[in-house]
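One chain comes next, on its own, written as structure tokens: the form predicted alone.
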């Protein structure tokens, strides 16, 4: 849609009028397909209730609490790149960084060490890939989730295959039961979900002192006397944290490295920035030693190129005669908006200065929405940025990258992929610094 409203595109207007577009376009069938009962898919009052419970889990204090768990995965990331250098092999960047982000999410969300960097064929990595590896039947099913969601529920067709559902649900149950039985407390996302399952209110009081249980004794319940989070709901939230977290962050890191090797002056600039910051923190990457702040490759390459919304109240587009009826499906072309020369002149150019405070002030904020916008913006934004920046900083601190001839230029995007991806991959060479 290209209708304008006082200089705004319809897509931008939708983000501004959130109350008319509160739902994503997804099927939810918690009884037959329990992994669909996650925050991203839930609608209306169910979404609002769960969002309010989970919001305290994603505060900056909680994210900082998880930093060391994330950092523990970085040594294996460096070792994998070192091995490629030793064997004089090109690096499939997406595969390597996806294994890194899988290890991070497995540790933080599921409380397990899956070691996919050391073992690319680990069971966790296998099922993580399966989330987005779809055949013709999967494609048809996921298309039906947009246009015939009630039919899917009626005939009990799953969005996610049974073997994948069983793996993630059983993994969560085993972790939760083991921690409950052995009174284990760990600074991760899983611990906070278990607190909700046990009707313990999540606050910032327990940061840095999880073993002091006197700070975690405020028990609360829903009005219907049910737990704040059931076991299946807990599993669904851990699952979506994995699905939304490992692939999006690895995509962002991949395209960022691709742009940096195409623009080596920026690669040197970022490395200099990282080293300057590390001087202040004894040469160690830490939560406070955040870097690569100005890199905005998510403009050219938003991992999720389209947002979906369902019109929940009849809506007349301001300044036009267009009326969207309740139930209408809206697709917001994030990639199109972020490459629109009206907002970003010479849009194919990689130019971090577009995001200087001066230039940002010339554009509406809704012209850059890789994490969504409004109350349904990605709840894990802080964690995603931390994971992405830490992965980039780790790699650029230790290695200089150049393009390998195996990478086809210009790159061709894979039209079958749910997330933005390159058909034949992005391959790099690395050398130790």
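Numbering follows the first chain given and starts at 1. Treat the numbers as computed from the prediction; the structure is a model and nothing was measured.
From this point on, the text means the form predicted together with a small molecule, which you will not see here.
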(request) Answer yes or no: in the model of the complex, does the small molecule come within 4.5 Å of a heavy atom in every one of 90, 266 and 404? (result) no
(request) Would you please decide whether residue 378 lies within 4.5 angstroms of the small molecule in the model of the complex, comparing each non-hydrogen atom pair? (result) yes
(request) Answer for residue 56 alone: is it within 4.5 Å of the small molecule in the model of the complex, judged on heavy atom distances? (result) no
(message) Is residue 111 part of the interface with the small molecule in the model of the complex - any heavy atom within 4.5 Å?
(response) no
(request) Mark residue 383 yes when one of its heavy atoms lies within 4.5 Å of a heavy atom of the small molecule in the model of the complex, and no otherwise. (result) yes
(message) Within 4.5 angstroms, counting heavy atoms, which one of the listed stretches 353-361, 236-244, 162-170, 80-88 is next to the small molecule in the model of the complex?
(response) 236-244
(request) May I ask you to choose, among 94, 309, 299, 125, the residue with a heavy atom within 4.5 Å of the small molecule in the model of the complex? (result) 309
